[in-house]
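Shown here is one chain on its own, the form predicted on its own, set out as structure tokens.
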């Protein structure tokens, strides 16, 4: 194809301009790939931490509790939670089940008091669903039947408590009477989940006795065999099993993650704005390059038209040059992106100094890592070439309309 050969020759003839304009396109591809990697990694880490530390993959609640779960009330609980957990463990595709009792409380040290979310957890079964045991950074894990607690590191720092100290947990029972429970700090929790770092955990049986709810739980968390992204028919099997037991409802991690996904969607919109600005800059660079090429080669264009080349062919010639710039810049951007994304996935960005001052609205803390998204990286290359081809139309059309008699005479 004549236009294709001429476009390659012209790009090679003006190497400096081709390289400079290609670098602008490469910067856009690099920025897109890095932002996309970080955003997907941020979202994936947030969801994984939510599942591993708070929600489980699937959860069972007393009907009506879910809508008011943020209030941490004890008016709708699951009686006989351990018996229910035992039945659910026998279902196909279930890897682990653990009951929890979650309620409002306050940590009182005598000198100061702070409201907290208290979680009664079963030390015998919670590690089959959650990663709390691995989050212990000092001391040891809970023992059933003992008046002891695990504190998140941020809460412990706020209340100036350490392993071996005692404090009073002030709570309201199911009958709304106040109860004071003296607990010993046996361990400190530190994880990538801010909710864990700010919470207090105590043995489930101790929490049940203190709240006047023996054997009850506010939620039963379930873990499947194939990971939270591949639940398959597990929620349906759980619903079928629980409908014969009592007035219960089943929720998945997707139901829990509404706020997180909303934040992720907002972040995607912000990224589109940034990339739109970069795209405009890249488009101006390509348009400027093609426009200058047309102005500098006006006599050449006149000669080509005099030899019989049509305006459509000349337009296509300059648009192919624009696409060539996009292909070169996109390839350079892909190469740079591979290095940037490799760094983000292997090393990440440490923002631990920001987490006490800023709320990202996501369940992540300390280290932000990217993920590999090959379709996005190479898709940016294709988009860069196609975009460069399209934005070259106007300057190409302008050059093609030059009058050969005028430009050759001049």
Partner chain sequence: MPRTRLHLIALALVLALLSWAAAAQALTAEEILKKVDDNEYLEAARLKATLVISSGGRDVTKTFVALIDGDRSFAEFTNARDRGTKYLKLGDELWMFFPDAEDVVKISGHLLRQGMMGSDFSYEDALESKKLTALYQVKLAGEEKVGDRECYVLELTAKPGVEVAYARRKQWIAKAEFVPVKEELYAKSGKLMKVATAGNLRRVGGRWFAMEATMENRLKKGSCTRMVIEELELGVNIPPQTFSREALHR
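Since we're looking at a predicted model, the values are computed, not measured. Positions refer to the first chain, counted from 1.
The protein also exists as the form predicted in complex with its partner chain; that form is not presented, and the subsequent description refers to it.
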> Judged by heavy atoms and a 4.5 Å cut-off, are 125, 128 and 205 together in contact with its partner chain in the model of the complex?
Replying inline: no
>> With a cut-off of 4.5 Å between heavy atoms, is residue 177 one of the residues that contacts its partner chain in the model of the complex?
In response: yes
>> Whether residue 319 contacts its partner chain in the model of the complex should be assessed with a 4.5 Å heavy atom distance threshold; does it?
In response: no
> Is there a heavy atom of residue 134 lying 4.5 Å or less from a heavy atom of its partner chain in the model of the complex?
Replying inline: no
> Are any of the heavy atoms in residue 79 no more than 4.5 Å from a heavy atom of its partner chain in the model of the complex?
Replying inline: no
> in the model of the complex, which of the listed residues (216, 171, 331, 248) lies with a heavy atom within 4.5 Å of its partner chain?
Replying inline: 171
>> Within 4.5 Å, heavy atoms only, which of 105, 200, 314, 156 is in contact with its partner chain in the model of the complex?
In response: 105
> Quick one: which of 177-185, 156-164, 234-242, 332-340 gets within 4.5 Å of its partner chain in the model of the complex, going by heavy atoms?
Replying inline: 177-185
>> Can you list, in sequence order, the residues from 188-221 that come within 4.5 Å of its partner chain in the model of the complex, counting heavy atoms only?
In response: 209, 210, 212
